[in-house]
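Take a look at this single chain in structure tokens; it is the form predicted on its own.
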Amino acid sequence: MSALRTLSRLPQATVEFANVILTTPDAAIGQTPREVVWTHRKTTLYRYRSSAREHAVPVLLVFALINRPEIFDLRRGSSFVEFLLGEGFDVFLVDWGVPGEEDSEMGLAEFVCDELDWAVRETLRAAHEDELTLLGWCIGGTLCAMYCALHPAGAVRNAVLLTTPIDPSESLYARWVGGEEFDVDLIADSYPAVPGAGIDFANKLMKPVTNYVTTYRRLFQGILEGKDARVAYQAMAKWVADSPSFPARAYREWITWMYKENRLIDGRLRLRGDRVDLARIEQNLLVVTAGADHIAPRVGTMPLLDLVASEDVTHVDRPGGHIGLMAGSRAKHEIWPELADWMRERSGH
């Protein structure tokens, strides 16, 4: 674009840029039709019905305790849920809801031993099947790994773990919150539900230039060049901005057990008296890491591959970041088909 044309478009582009930013809360995300299967406290289990179901084993999607699970169904044409339905899978999703102060005593045991266990049970009941595929992303992947370790001979046939913290000792986050100077008890005692906005702010500070400068610069540059950036930008920006609170007990346990004491990798993490031993994981296992992941770096996931007892273990490492790997513009052409192929081979009767 010539300098003169760029200059002439500047006023219009500025107005459009402001409009995109200001109307982001109106963006539509999570639009794939679904129905409620089961609820308990704040947790809801949804089912996305496929009109072309081909595979017997249903897929249960599990996201983190921060941000909302709509990242699996971001927008039409860029929805992992929509993609799986098109591939013939019966898709379910567990939504942890929006915790409030009344949920302050919800700890990791409540999420893994109660909510996730019951979501597995209700998925099987609704699908009329005996086994399922458990697909977890981020903290959701860690919760799924814990669940599989506690139920090695249970209903989970396949476990898919995406950008999952297992040994976070070498992560930037561990350097921030793992030392004595970070008083997790002070935070958990002060907030029955730790504000999601605060956690989101901390996460963004891990890459401040990208999050507070580069993202807006790219958006403005795209608008200036006449590209239609509104839909893609707004869907992701709306999802990022929606950070529910973290129950105080779960927050305290997550930071302490994972980042301060590294209990999971050492085999010292217990839920209701039962040791979470990763060596007990026997399910067919697919582990996906992202080369540019700064939240759950590859080095923090890899130890899992040497610990599990699974005979069927696959590791896929691809370029991309913690979220971009699965929700970026290239995901549906690169990583999604690999996931579908792996699950398809292991989802028949």
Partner chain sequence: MAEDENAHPSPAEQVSRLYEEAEAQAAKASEELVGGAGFTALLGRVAENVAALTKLSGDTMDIVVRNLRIAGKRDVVGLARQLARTEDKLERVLQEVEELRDELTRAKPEADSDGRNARARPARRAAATRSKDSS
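Numbering follows the first chain given and starts at 1. Please read all numbers here as calculations on a predicted model, not as lab measurements.
Missing here is the form predicted in complex with its partner chain; even so, the following discussion is about that form.
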Could you confirm whether R121 comes within 4.5 Å of its partner chain in the model of the complex, counting heavy atoms only?
-> yes
Would G226 sit within 4.5 Å of its partner chain in the model of the complex, counting heavy atoms only?
-> no
Contact of D114 with its partner chain in the model of the complex (heavy atom, 4.5 Å) = yes
Report yes if any heavy atom of S104 sits within 4.5 Å of a heavy atom of its partner chain in the model of the complex; otherwise report no.
-> yes
Looking at its partner chain in the model of the complex, is some heavy atom of each of I187, K207 and T214 within 4.5 Å of it?
-> yes
Listed residue (H40, H315, R34, R318) with a non-hydrogen atom within 4.5 angstroms of its partner chain in the model of the complex = H40
Which one of I199, L172, V231, A126 is close to its partner chain in the model of the complex, taking close to mean a heavy atom within 4.5 Å?
-> L172
Heavy atoms, 4.5 Å, its partner chain in the model of the complex: which of 132-140, 175-183, 239-247, 146-154 makes the cut? Say which one.
-> 175-183
For the stretch 241-264, return the residues whose heavy atoms include at least one within 4.5 Å of its partner chain in the model of the complex, in the order they occur.
-> none
